[in-house]
Ligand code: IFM
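A single chain, nothing else alongside it, follows as structure tokens in the form predicted on its own.
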Amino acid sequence: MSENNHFPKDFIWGAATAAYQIEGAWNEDGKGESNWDRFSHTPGKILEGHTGDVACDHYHRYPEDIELMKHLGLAAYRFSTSWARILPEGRGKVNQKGLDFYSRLVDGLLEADIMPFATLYHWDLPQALEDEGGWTVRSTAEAFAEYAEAISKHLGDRIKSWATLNEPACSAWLGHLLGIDAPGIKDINKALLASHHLLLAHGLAVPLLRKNAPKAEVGIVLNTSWAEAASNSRADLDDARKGDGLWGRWFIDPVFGRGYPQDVVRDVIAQGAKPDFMDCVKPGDLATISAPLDFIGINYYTRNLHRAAEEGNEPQERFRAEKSPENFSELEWEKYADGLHFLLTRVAFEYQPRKIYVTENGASYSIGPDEDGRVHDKYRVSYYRDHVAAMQRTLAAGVPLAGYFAWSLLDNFEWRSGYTQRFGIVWVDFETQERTLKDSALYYRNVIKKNALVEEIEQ
């Protein structure tokens, strides 16, 4: 990197959202019910009984949101498409009004000189497929291929970057193992089935995207915290290995042709999985899953410091920072920018991807407008500043890092937390739908304008 803190000229600065979190219009214009519609409407599942029925009303207000993106100078916008809006039953008849919405959105972005980065699946499965077994059955992966065909055939001429899945680890483990996300299942065997069928869906979609969008790049978005042992004790090191294995390697290894890691297979069997659970992996599946990709997206927020609850464990050597808003978000996620650098360099040198994007990165703070209407979210500004600096170190190490997407453009429906957590660089008043640029948006606008790490906020 140069001494003036500049990024490469072709580095892409963007922001990210997800369909269920911002669109609203949950039952308009022929859209089918999704598993998150069902889950959020189930009493007790979401804090304060919130739902994504309206969210940020992006379905109706997307032109206003595109203007915001243009004002910030974004080069790219990462969004997800709603499967149930395109195929209300998950397969079969296509809903033309759903396709038309995404066509208008993409055309609006292109007119504003903003590159559309589309993600096909960000957790919202058509409820009709959930009723058939969802990701626990192989037919859902096959239905996903039909969905990928339908939308890429319609938009493949205009969208030049496609991701198949967003965070399959969350869909599998949060939705089917811990049961805290849709569909709310707590079953290790079903979770493992879901993990494989998600990856199979990815692999089935890749050649279809390449066929319908031959000039586009195709990839997948994975997430993991930076797993670090709290000490060098055998117990802590093994606990970190387990966390890294289940949340990271279980997904990235098969995508890059290594198959499922055998240490994780042993771990999950020890935790109660059926010894024959790998029978769901049929001949040819691993080859399908490891179809060559143009990029991998990495979502990073924090590190996970592993401390094994074992009697006689050695003293803890590595401590998190002092608990304060400067160091921890309101979700109690630690601000640990070094973890982004460590994670990106590890992925680059261990798996050799052609290109890496940071597809999500951000922090939750609920600081709202003051009496002058300004949102002084200084802790989020600090978070972004530290992670932009970490990316500079990463580029200097030779990592093929091509872009960064702040999470999120807008305050939105934050899954099981409802509207109680705010990740946006734009404040959303959910009563009036008024948007207000936060100081973090002004800071990010300056980073984009200078294409460099900056300290100040320009108005």
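Counting begins at 1, following the sequence as shown. Given the structure is predicted, the values throughout are model-derived calculations rather than measurements.
Not on display, but discussed next: the form predicted together with the ligand.
Each of His122, Trp333 and Glu360 places at least one heavy atom within 4.5 Å of the ligand in the predicted bound form. Note on the partner interface in the predicted bound form: the residue among Tyr301, Tyr260, Phe295, Tyr77 having a heavy atom within 4.5 angstroms of the ligand is Tyr301. When you look in the predicted bound form, the only residue of Tyr404, Trp407, Tyr59, Phe39 with a non-hydrogen atom within 4.5 Å of the ligand is Trp407. In the predicted bound form, none of the heavy atoms of Trp427 sits within 4.5 Å of a heavy atom of the ligand.
Contact check for Trp26: every heavy atom lies farther than 4.5 Å from the ligand in the predicted bound form.
In the predicted bound form, the ligand sits within 4.5 Å of a heavy atom belonging to Glu167. Although the partner is absent from this view, Glu414 contacts the ligand in the predicted bound form, with a non-hydrogen atom inside 4.5 angstroms.
Comment: 122-130 is the region of 122-130, 321-329, 82-90, 104-112 lying near the ligand in the predicted bound form, near meaning a non-hydrogen atom within 4.5 Å. Taking a 4.5 Å heavy atom cutoff to the ligand in the predicted bound form, the one contacting residue in 416-449 is Phe423.
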